[in-house]
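Shown next as structure tokens: one chain only, the form predicted on its own.
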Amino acid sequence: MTTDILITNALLLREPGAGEELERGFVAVRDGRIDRLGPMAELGDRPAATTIDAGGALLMPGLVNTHCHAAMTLFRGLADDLELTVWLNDHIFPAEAAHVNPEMVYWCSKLAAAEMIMAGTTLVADGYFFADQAARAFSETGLRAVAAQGVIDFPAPGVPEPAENIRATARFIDERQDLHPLITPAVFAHSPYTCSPETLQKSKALARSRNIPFFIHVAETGQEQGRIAGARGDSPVRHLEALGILDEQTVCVHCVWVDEEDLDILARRNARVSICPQSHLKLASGMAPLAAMLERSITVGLGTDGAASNNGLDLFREMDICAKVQKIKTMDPVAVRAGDVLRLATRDGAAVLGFADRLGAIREGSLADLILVDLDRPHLQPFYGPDLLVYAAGGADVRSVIVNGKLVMHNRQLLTIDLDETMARVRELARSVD
């Protein structure tokens, strides 16, 4: 039987963060999954529709971005060097009210998808308004995505009447369910301070009824608790616990200002966590206690957040920053190792988004989301092992990307969209932004 894609002469990183020995080998992809892999000596005669000679490049699972607002590429660099509440209330919320519409979300999400693919991301969790347009952009670009419709107790783009927020989200979910193999619909309740207890419970009930992920910003700043109306607990996490929100399909984003009791609750409820180190640093929110989370076996993934608060969507940069700031936070150079962070960006990130055992490792039967990293670069030589991917590699080192068994970038060329057109459309939209 003919293989769809055959990758030969690759340095295989099968289990990121597991410390395994790398081997020169092959991977055969068929029907969207990894059909066979092994050392080159075991390849034999295997016909393939497409053969890629990796020439010693590193083949690894695609990276997983567990939190993004893709359409916010329009606001990249618009309001830098500001405190979070000022940034949100005085700049981002007004800009969104004026400029977020279906066309903007479609084109700006498509630009973000292109940026992520070109930096090695094959799966993203995105939360925003007009999520149907984001899902359309991801589908056309060939990026796997968990696309979540935003819920907020204020007039929002596409949902001017807050009382309609749950019904609008339900419509999005029901229209997207099983519509495209790359898209998983989800619910994104913005935060405990922008959603009432009733809205949070209704949003979570909707997610549970459809058996889909539920995302929420939690404890991003030290001032968040004082902004929660009708607080049921004395921390954002304890507030969510009292409301019955936390479970294995709840993804708590940020979790910077959490204490020991909060962490114990998250661990007990098996809630997932997404941390966004560069966004936390840029907005001076603080540093999430990653080492303490990992000690409790909390499943944690890495996110970039939106381009307005990062300002890039390169998970290799995110890994480097994450590993280094955790050493400073704990004053311990081995508190969080490079392998731990590489695992967050692959296997653990996949688990955060509900893809455990299907993504994040190169195994027979796994979904074929793979990237080739060019090691023949001055900053990656000599290559003693995968730790260098965390401390020295960048998105520009990614040569080729496969998502769901399809080649979406090869030799740095996107194969699914017209990138020049996408950038031109976003530049045109940006002309109207103050």
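Bear in mind the structure is a predicted one, so any value in this text is a computation, not a measurement. Residue numbers run from 1 along the displayed sequence.
Just so it is clear, the following notes concern the form predicted in complex with a further copy of the same chain, a form of the same protein that is not shown.
Mapping the unseen interface onto this chain, M423 counts among the residues with a heavy atom inside 4.5 Å of a further copy of the same chain in the predicted complex.
With a 4.5 Å cutoff on heavy atoms, R46 does not count as touching a further copy of the same chain in the predicted complex; it lies far away. In the predicted complex, D320 approaches a further copy of the same chain with a heavy atom inside 4.5 Å.
Mapping the unseen interface onto this chain, A396 counts among the residues with a heavy atom inside 4.5 Å of a further copy of the same chain in the predicted complex.
Among the residues A97, A242, A356, L281, the one placing a heavy atom within 4.5 Å of a further copy of the same chain in the predicted complex is L281. Note on the partner interface in the predicted complex: the residue among F75, F138, F214, F130 having a heavy atom within 4.5 angstroms of a further copy of the same chain is F75. With respect to a further copy of the same chain in the predicted complex, the three residues P155, G158 and R210 uniformly fall beyond 4.5 angstroms at the level of their nearest heavy atom.
Only one segment in the set 291-299, 230-238, 360-368, 310-318 has any non-hydrogen atom within 4.5 angstroms of a further copy of the same chain in the predicted complex, and it is 310-318.
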